[in-house]
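Take a look at this one chain, the form predicted on its own, written out in structure tokens.
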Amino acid sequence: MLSIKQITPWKTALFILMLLPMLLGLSYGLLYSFGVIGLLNTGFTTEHWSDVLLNFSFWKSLLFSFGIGLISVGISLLIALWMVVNWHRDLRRGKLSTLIYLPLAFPATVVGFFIFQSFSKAGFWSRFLYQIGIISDIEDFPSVVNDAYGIGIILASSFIITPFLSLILKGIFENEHVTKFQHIAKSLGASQRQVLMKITLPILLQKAKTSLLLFLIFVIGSYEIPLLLGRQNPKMITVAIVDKAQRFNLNDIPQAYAMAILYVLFLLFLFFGFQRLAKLKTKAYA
């Protein structure tokens, strides 16, 4: 049996092995964006970074992606909380415990295609409402897919992450023995609303905060769904980066690398900023 002293070097080596490809990729992108390497680059320059930093479309895509992520995670969180608070017994057994796993079987591309076929102007619901006489023309159907507000992207993202979030919250609900705390609070005279606001929600949200942040990063970094359901303006940041990298103009590739590095820095700032805030909040309550 391995001792702790023997395991630690292996864990360090595994961590470095996992981190190394990412660091090599970032280093390559950084050198390419500064013109040090690359097909048409002629030497060190900050021109590509200036073009990206002064490009309004880049910041618009970044903020648009962040907003889509916040709304998608917010909707999923509300649905998952409602299900766990009201149906936590049914989620452990019965048909609901099986149905909750069903969306997990669909890849992101399939979900995006399903949303597109259901909610586009030529999709299922548009044709159905036309046949029953609720709309008189296909153009009367509201724009849900390829729209300016990313409604189709939000629908698809929420569909994907809600089951994951429900299972995480269900596990927290059971592991933290929330039911016992609820019974104690009620026996001391707390109302149903006080139990929900002072006991149930704080425990669930406190334990799930890191998972929520990871889901936010997942939605911001998704590519297939925005590609199918988004539009050219505004576009999600991942689509904007790939569009820039795959253009026929090779001079755009350094800008694509600069955008990718800024995107990674934004995610790191988001992750470590959130962790820092969480620690400060914990110290304040200590």
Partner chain sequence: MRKHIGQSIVGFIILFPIVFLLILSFGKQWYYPHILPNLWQTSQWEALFSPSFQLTKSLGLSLLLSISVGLVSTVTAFYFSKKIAYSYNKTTWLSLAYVPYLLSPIIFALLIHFYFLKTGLSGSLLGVIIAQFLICFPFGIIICSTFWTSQIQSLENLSFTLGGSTTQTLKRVLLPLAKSTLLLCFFQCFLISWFEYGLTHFIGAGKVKTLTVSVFTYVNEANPFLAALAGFLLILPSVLLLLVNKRLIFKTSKKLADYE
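Numbering follows the first chain given and starts at 1. Since we're looking at a predicted model, the values are computed, not measured.
This protein has a second form, the form predicted in complex with the partner chain, left out of what is shown; the following refers to that one.
The stretch among 211 to 219, 67 to 75, 187 to 195, 143 to 151 whose residues place heavy atoms within 4.5 Å of the partner chain in the predicted bound form is 211 to 219. Among residues of the shown chain, residue 138 is one whose heavy atoms approach the partner chain to within 4.5 Å in the predicted bound form. Among heavy atoms of residue 103, some come within 4.5 Å of the partner chain in the predicted bound form. Remark: residue 238 counts among the residues lining the partner chain in the predicted bound form, judged by a heavy atom distance of 4.5 Å or less. Contact annotation for residue 181: none of its heavy atoms lies within 4.5 Å of the partner chain in the predicted bound form.
Residues 83, 87 of 66 to 87 are found to place at least one heavy atom within 4.5 Å of the partner chain in the predicted bound form.
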